[in-house]
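Laid out below as structure tokens are two forms of one and the same protein chain, each shown alone and named structure 1 and structure 2.
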Structure 1
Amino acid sequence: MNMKSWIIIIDERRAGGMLDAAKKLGGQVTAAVVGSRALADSIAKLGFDQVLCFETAEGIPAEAYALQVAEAAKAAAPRLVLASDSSVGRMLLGSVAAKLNATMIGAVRLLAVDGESIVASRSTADGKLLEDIEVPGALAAIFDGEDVEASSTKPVPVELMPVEDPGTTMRMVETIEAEEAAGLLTAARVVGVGVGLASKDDLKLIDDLAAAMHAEKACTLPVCDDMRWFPSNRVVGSSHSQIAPELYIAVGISGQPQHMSGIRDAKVVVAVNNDPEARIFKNCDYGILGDLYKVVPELISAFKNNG
């Protein structure tokens, strides 16, 4: 079976995971980088068989090149196309899928081959279940699987693709940080709050921890929808923001799949919970079993003394 794969790259997020998933199917794996030449040079070190660079001009968003990327994909005729779950990645993937007349599936965790078909395992029911979908033709999928740290290899040559100026159809006019919560998406440190906190007044404890850590604050969906303690732009989960901080401290969070999907790319996850059976203890790097009202003040003191 011809198992040529394309991976649409607009940043380095989950590039290693997508590469690993595609390589397990066999065949050539091509990175279609839509962005800067510097990004393409970095991707070329990860182990792709081929790296194509659709170099974007200054002031023109990547989405403006969607038709050109789709035409190149049609000429190459990959059997599988993957993209991350970023808004730009989804838009480019949709354009490519239309040109290839491909089946499009979201939230794909795993991929396999069964005869002449690709089998995609995607998450459903807020991440609590996986369902397998067999696709006999071309597949375009939004990747939601685990990331893999790709080891640096001898870089493959970057092939600059001929791109035309999109003209005035789409231009970047201005970038505005619309809300204070925008910093959550790029924060190096984040404190997450769950329903384990007894009352809204106790958020002062979380404020103090975030200040000591120089961190942003986040919450689970019930804390926003049911308790109304935070606005929706602070929710982290599969249906809201997905973040990748260096450090994430989860305070009073049980670890439901919907929330854990939103922190899958965090480098270090620390959980504070008084329930030894809490699901989050199976999905964190460090777990602190204890009363958060005793543990958090100790964390505040530690961060104040050590930064």
Structure 2
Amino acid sequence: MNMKSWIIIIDERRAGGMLDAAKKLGGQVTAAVVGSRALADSIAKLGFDQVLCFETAEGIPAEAYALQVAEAAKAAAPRLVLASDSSVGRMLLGSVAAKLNATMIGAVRLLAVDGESIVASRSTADGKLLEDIEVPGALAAIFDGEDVEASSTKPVPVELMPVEDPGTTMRMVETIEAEEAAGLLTAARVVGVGVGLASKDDLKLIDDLAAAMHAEKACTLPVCDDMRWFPSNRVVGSSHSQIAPELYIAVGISGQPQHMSGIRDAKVVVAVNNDPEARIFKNCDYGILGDLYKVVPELISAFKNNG
């Protein structure tokens, strides 16, 4: 049975996790790197059976190579194609799926083989459930499962793929770093503080974390109304601001419904709290159970070093 997999790679995100998931299906796993040669070289050390490199030209976005990647995929005819949920990866995956006439499934957490079929388990109902989907034919999946650290003692040689100049239909003009003062409502990162913080002087910790993360600061209603540590325009929750950052780090926030309704659309929610029963642990993506006074200083240095 053909269980050949292609993993579309535009950066290192989830590369190990996708490799691991595809390997478990039993077939040959190919990394199709669309990007720099250097990226392909580092991917080649992870343990793929084959690494192809579609080297992109300066100033041309990876998406411009979508049709060429799709043609190559069609020639190889993999049973499974994976990409991470980065916007570039998803677009390339769509192109390959169309060319292969493959089934497309998003938010896939797990993959398995059942007889002649692949069973993809995708996250549904707002992450509360997994749905098992039986796919008899070719499958293109956006992989959202656990990442795994991968490495191999025997790097494979990178195969440079012939790439044609994609022309000028798409070109990069500039990259703009996030403005520090994007404002709470549109900020990509937000640090939220609750009354788990013991005193106003400790807000220095939150200031430092926000600075290290290039984040805006927000707070719960009691922090504003009862402690008066922040003005009301920093309050997130019902009757106050609703925010949708990429990353929300909740420090010392218990997770009252009033507050949680304001961060419902945040992409990734991290909670730091020392109460294992804190409600927020039911409503976050990552929960660090521990003393915020010990955890936050480490978070600050972690973000300073590689955030």
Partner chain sequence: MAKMTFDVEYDLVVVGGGGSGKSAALTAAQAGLNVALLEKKAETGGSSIYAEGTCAYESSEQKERKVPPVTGELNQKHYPTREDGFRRYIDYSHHRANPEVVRMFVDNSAETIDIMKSLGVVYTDVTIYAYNQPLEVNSFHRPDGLDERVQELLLRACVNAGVDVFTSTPAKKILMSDGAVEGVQAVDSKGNTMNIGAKAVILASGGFGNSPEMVKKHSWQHRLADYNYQCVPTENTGDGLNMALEVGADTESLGALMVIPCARSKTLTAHSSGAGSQPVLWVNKTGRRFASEEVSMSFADSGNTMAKQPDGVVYSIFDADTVKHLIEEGSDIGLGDFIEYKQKLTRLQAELDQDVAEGIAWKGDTIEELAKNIGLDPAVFANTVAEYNDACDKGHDPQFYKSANYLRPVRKAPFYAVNMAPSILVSCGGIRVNGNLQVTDKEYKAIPGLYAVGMEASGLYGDTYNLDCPGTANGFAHTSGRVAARHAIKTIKGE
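Values in this document were obtained by computation on a predicted structure and should not be read as measured data. In this text, the rigid core denotes the largest set of C-alpha atoms whose superposition between the two forms falls within 1.5 Å. Along the sequence of structure 1, residues get numbers from 1 upward.
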Practice prompt. Please match the form predicted together with its partner chain to structure 1 or structure 2.
Written response: 2
Worksheet item: Aligning on the rigid core, do we see the C-alpha of A98 shift 2 angstroms or more between structure 1 and structure 2?
Response: no
Practice prompt. Could you check whether the CA atom of C224 moves 2 Å or more between structure 1 and structure 2, using the rigid core for the fit?
Written response: yes
Worksheet item: Is it true that V295 shifts between structure 1 and structure 2 by 2 Å or more at the Cα, once the core is aligned?
Response: yes
Discussion item. Once both forms are fitted on the core, what is the Cα shift for A278 between structure 1 and structure 2 in Å?
Written reply: 3.6
Fill in: Displacement in Å of the C-alpha of S238 between structure 1 and structure 2, rigid core kept as reference
20.6
